[in-house]
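In the block that follows, a single chain appears as structure tokens, in the form predicted on its own.
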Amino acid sequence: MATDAQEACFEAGIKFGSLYHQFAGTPVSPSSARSLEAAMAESIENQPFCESVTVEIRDDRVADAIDHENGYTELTGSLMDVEMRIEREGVAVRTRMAMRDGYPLMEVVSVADD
């Protein structure tokens, strides 16, 4: 049987998988980034045990990734930073996704009893 902390970490992984694979490839521009951030966070916050989600789509990275005259690019992990707080059975898990060595790494930041 998994511990409460292990189950909370598993839930965090599910949320990251949902967020990343649901939204990867979405057209994004600097002018649409704020609404996409909100949609992503609110979507994932609907899931069980999810207490908070913060999505920051980096306008500078989006602008750099636009390589045609239509003014948008496709959302990838390299364009955003994400933080989540998951709570399950009295255990709080903080996670984040940020670029590390050219790869959007999802990681557990902390696990604590509430």
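In this text, residue numbers run from 1 along the sequence as written. Predicted model only: the values in this text are computed from it and were never measured.
Not on display, but discussed next: the form predicted in complex with another copy of the chain.
Among residues of the shown chain, residue 50 is not one whose heavy atoms approach another copy of the chain to within 4.5 Å in the predicted complex. Within 4.5 Å of any heavy atom of another copy of the chain in the predicted complex lies no heavy atom of residue 63. Remark: residue 98 does not count among the residues lining another copy of the chain in the predicted complex, judged by a heavy atom distance of 4.5 Å or less.
In the predicted complex, another copy of the chain sits within 4.5 Å of a heavy atom belonging to residue 42. Interface residue among 74, 59, 81, 87 relative to another copy of the chain in the predicted complex, by the heavy atom within 4.5 Å criterion: 74. Residues are counted as partner-facing when one of their heavy atoms sits within 4.5 Å of another copy of the chain in the predicted complex; in 12-28 these are 12, 13, 14, 16, 17, 18, 20, 21, 22, 23, 24, 25, 26, 27, 28, in sequence order.
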